[in-house]
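In structure tokens, one chain follows: the form predicted on its own.
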């Protein structure tokens, strides 16, 4: 036994994915304060979100305690994450394609997690009753996930090729990304057709989580090709706009929903003071390059 080159490629791909995503998260988390939008309603406004209100509409709001609700924020977040609510509301024809694609990807990620759980139950902790349930869930999530993601991917690719409006703002890399994912999904379907119970996938993941103590199954050439493609995709995603799942947290929590009051002596005020001292790297008719935001604002007539 030991670790094969194929297994090593899977370890490397996962490590690259985690490291690059973590680095991207750290970089965005350390960015300067974003321009305050102060758009309402904000889901964490307790008692005001339902009618579009804000604490700013109250007299002497800065003297009163703010009332926020985590439940309201979670409700809006889950609607967006699980159902892509905004696309459903504002671009319904596209939602019918992008939702099965994203839902399929979610199910495939759950499938991966279940494979890991199955491997742990077979290598480290033996709970037969739980393992039987996990095997059933692997069948369900893997089957529905790969079919939904493939249909959605084909639909999105066709939409970009046939919709004149989308073609105008679709770059070559966006077609490449969809084609890359589609090839991985299609090779996955081809492998699945010869192993509809995912026995080889479970055995391969069990060998991975055992770190060499359990022998890996003998995979077909097509299955090995699919594993390599999958590893390349895992390493590629963090370097592309497909890693937008990281940015969504900052878009919602640090831009759209950031409504912390800027009170005198607060940490937010210190961040604002730091931001307005930054020098402009660009110019415009009303702004001069090289001067700070504060200096430019002082010259506005």
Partner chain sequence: MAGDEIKIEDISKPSKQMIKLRLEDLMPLPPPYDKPGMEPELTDPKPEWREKYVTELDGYIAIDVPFKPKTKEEEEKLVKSFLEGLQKLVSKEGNWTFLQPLLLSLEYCAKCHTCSEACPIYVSSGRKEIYRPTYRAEVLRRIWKRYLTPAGKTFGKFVSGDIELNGTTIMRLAELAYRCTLCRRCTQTCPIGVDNGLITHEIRKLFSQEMGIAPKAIHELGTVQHLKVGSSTGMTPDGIKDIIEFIEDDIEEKLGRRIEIPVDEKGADILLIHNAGEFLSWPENPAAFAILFEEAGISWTLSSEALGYDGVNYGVWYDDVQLARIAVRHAEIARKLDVNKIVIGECGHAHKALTVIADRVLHDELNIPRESCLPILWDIVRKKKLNLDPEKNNFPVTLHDPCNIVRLMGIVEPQRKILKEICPQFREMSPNGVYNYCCGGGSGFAIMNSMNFPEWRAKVSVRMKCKQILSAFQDCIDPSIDKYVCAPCSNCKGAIRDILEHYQLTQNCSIYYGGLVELMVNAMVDLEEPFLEF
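Small disclaimer: the values here were computed from a predicted structure and weren't measured. Positions refer to the first chain, counted from 1. Rigid core (definition): largest C-alpha set, two forms, superposition within 1.5 Å.
Separately, the form predicted together with the partner chain exists; it is not shown, and the next lines address it.
Quick check on residue 280: any heavy atom within 4.5 Å of the partner chain in the predicted bound form? Judged by the heavy-atom cut-off of 4.5 Å, residue 280 is in contact with the partner chain in the predicted bound form.
Residue 267 near the partner chain in the predicted bound form, any heavy atom under 4.5 Å? Answer no; every heavy atom of residue 267 is more than 4.5 Å from the partner chain in the predicted bound form.
Would residue 262 show up as a contact with the partner chain in the predicted bound form if we use heavy atoms at 4.5 Å? Yes.
Residue 300 within 4.5 Å of the partner chain in the predicted bound form, heavy atoms: Answer yes; at least one heavy atom of residue 300 falls within 4.5 Å of the partner chain in the predicted bound form.
Identify, from the list 144, 117, 87, 228, the residue with a heavy atom within 4.5 Å of the partner chain in the predicted bound form. Answer to the contact question: 87.
Work out which of the listed stretches, 185-193, 207-215, 160-168, 106-114, brings a heavy atom within 4.5 angstroms of the partner chain in the predicted bound form. Stretch 160-168 is the one.
Contacts with the partner chain in the predicted bound form, stretch 40-64 (heavy atom within 4.5 Å): Heavy-atom contacts within 4.5 Å come from 40, 41, 51, 52, 53, 54, 56, 57, 58, 59, 60, 61, 62.
Exceeds or equals 2 Å, Cα of residue 8 between this form and the one not shown, core fit: For residue 8, whose C-alpha is compared between this form and the one not shown after core superposition, the shift is less than 2 Å.
Displaced residue check between this form and the one not shown: residue 21, CA, 2 Å or over, core reference: Not so; residue 21 is displaced by less than 2 Å.
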